[in-house]
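Before any questions on how it binds or moves, here is one chain, the form predicted alone, in structure tokens.
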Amino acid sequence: MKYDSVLKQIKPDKYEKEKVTKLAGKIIAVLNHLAEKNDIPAEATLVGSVAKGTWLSGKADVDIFLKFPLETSMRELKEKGLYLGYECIKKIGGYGEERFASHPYVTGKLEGYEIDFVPCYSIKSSKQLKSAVDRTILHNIYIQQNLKKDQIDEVLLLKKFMDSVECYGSEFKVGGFAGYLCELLILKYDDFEGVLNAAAQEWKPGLIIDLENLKTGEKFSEPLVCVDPVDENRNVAAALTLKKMAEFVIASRNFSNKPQEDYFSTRNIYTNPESILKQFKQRKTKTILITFKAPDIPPDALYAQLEKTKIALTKKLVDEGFMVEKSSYWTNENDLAIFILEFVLWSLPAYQKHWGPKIWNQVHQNKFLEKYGEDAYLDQDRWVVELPWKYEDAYSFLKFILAEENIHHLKTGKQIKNELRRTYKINDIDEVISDMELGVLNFLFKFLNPNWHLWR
């Protein structure tokens, strides 16, 4: 298949390259001038996909690292790094906010671009690592030295393909492939089609990619292992989930069998409340939504807490006798979060069978009969008693477990717990779907059609 028309759409043109490069150069000049003027031992440098030329058109997030000498204390690195970031934003004209990775950094909006100002240590090898972000400098050098000019287009094709099949991005929300991992895959398999052919035909959990033959792959347990060429103790694919690895394999097989340009564009969702509700009714299940205010925490922390809470909530429901077919969550990362719970069994009969000991163990038998007396009866040679279910339906249990005095029984993050108990609402899906915003409707569509993005 020819990819010229695809590359024309996804590759930054001359104007975009010049604009981004000019802005990055301007920022670096201002930062270095500020550092010199204030006697701060830091040097600004451009890193990431913009520095490597591997960014998709319209998606240039400019990463500027502020390199400090190794003898700089962490406290000084943080304070002076943040100072330089904020002062640069003020001087150029824009706005910024503090964020947190392994340590604080500043993100600014300048001339329409998102700029990250990240303080780090100036290291020459991974043995000098003092913070997790330090190795990014080494990543930059490695890719610039090893990725051939004609392979940049192959990286762009791979990134766009992964993005279109929803496998791109190493953040918790996605659990997919990082940009650096895409670049390493092209180095391993030469080009875009080489990666897809390998994934379609050869990939299985336990695969180890070790470009520099560092021989440390066996120490990692993730589904895909790609030993970081600049740090033998790191798996570049650590964030990749088994699900996203499997989805990429299936999408690669589908594309290999029937190559189409459509695989380089996101499928549009055409839906409305009526069609979604109709599909839910056809399933003949019960679907409940728990809505609440999303806590004001970084996205990765928010999604991790939502996942933890979903698992805990589902387990509690199953332990109480309810059958949960599927569960998931969604958030706009601002003021709304939702748990969705689809039940096969959401209402329970009056009584449940509670099994006791066999009659041959008289010690245990006597304890059982002391507790239940003449209500107990025999099923073969085993004592049984019928007890009422504590909660007659899923609503009753959810109201119990989310109550102020009981929510501590639910394993969840502190911020999620606080907002849940203060702001939660429980509704049948048909009670609220007409008021749902587009983002929620798209989420519900994907909940009902979980494979929609893999096929064209």
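Each residue number is its position in the shown sequence, starting from 1. If you superpose the two forms and keep the largest set of C-alpha atoms that fall within 1.5 Å, you have the rigid core. Not measured: the values here are computed from a predicted model.
The same protein also has a form predicted together with a further copy of the same chain, omitted here; what follows describes it.
- Contact between I152 and a further copy of the same chain in the predicted bound form is not found at the 4.5 Å heavy atom cutoff.
- By the criterion of a heavy atom within 4.5 Å, S5 is excluded from the residues contacting a further copy of the same chain in the predicted bound form.
- Y189 falls outside the set of residues with a heavy atom inside 4.5 Å of a further copy of the same chain in the predicted bound form.
- V230 falls outside the set of residues with a heavy atom inside 4.5 Å of a further copy of the same chain in the predicted bound form.
- The stretch in contact with a further copy of the same chain in the predicted bound form, judged by heavy atoms within 4.5 Å, is 350 to 358, chosen from 288 to 296, 111 to 119, 130 to 138, 350 to 358.
- Contact annotation: of the candidates E392, E36, E405, E431, the single residue with a non-hydrogen atom within 4.5 angstroms of a further copy of the same chain in the predicted bound form is E392.
- Interface residue among I311, M74, L242, V318 relative to a further copy of the same chain in the predicted bound form, by the heavy atom within 4.5 Å criterion: L242.
- Applying a 4.5 Å heavy atom cutoff to a further copy of the same chain in the predicted bound form picks out Q362, Q365, E374, A376, Y377, L378, Q380, D381, W383, E386, E392 from 361 to 395, in order along the sequence.
- Relative to the superposed core, K358 undergoes a Cα shift of 2 Å or more between the shown form and the other one.
- Taking 2 Å as the criterion, L387 counts as shifted between the shown form and the other one: its C-alpha moves by at least this amount when the rigid core is aligned.
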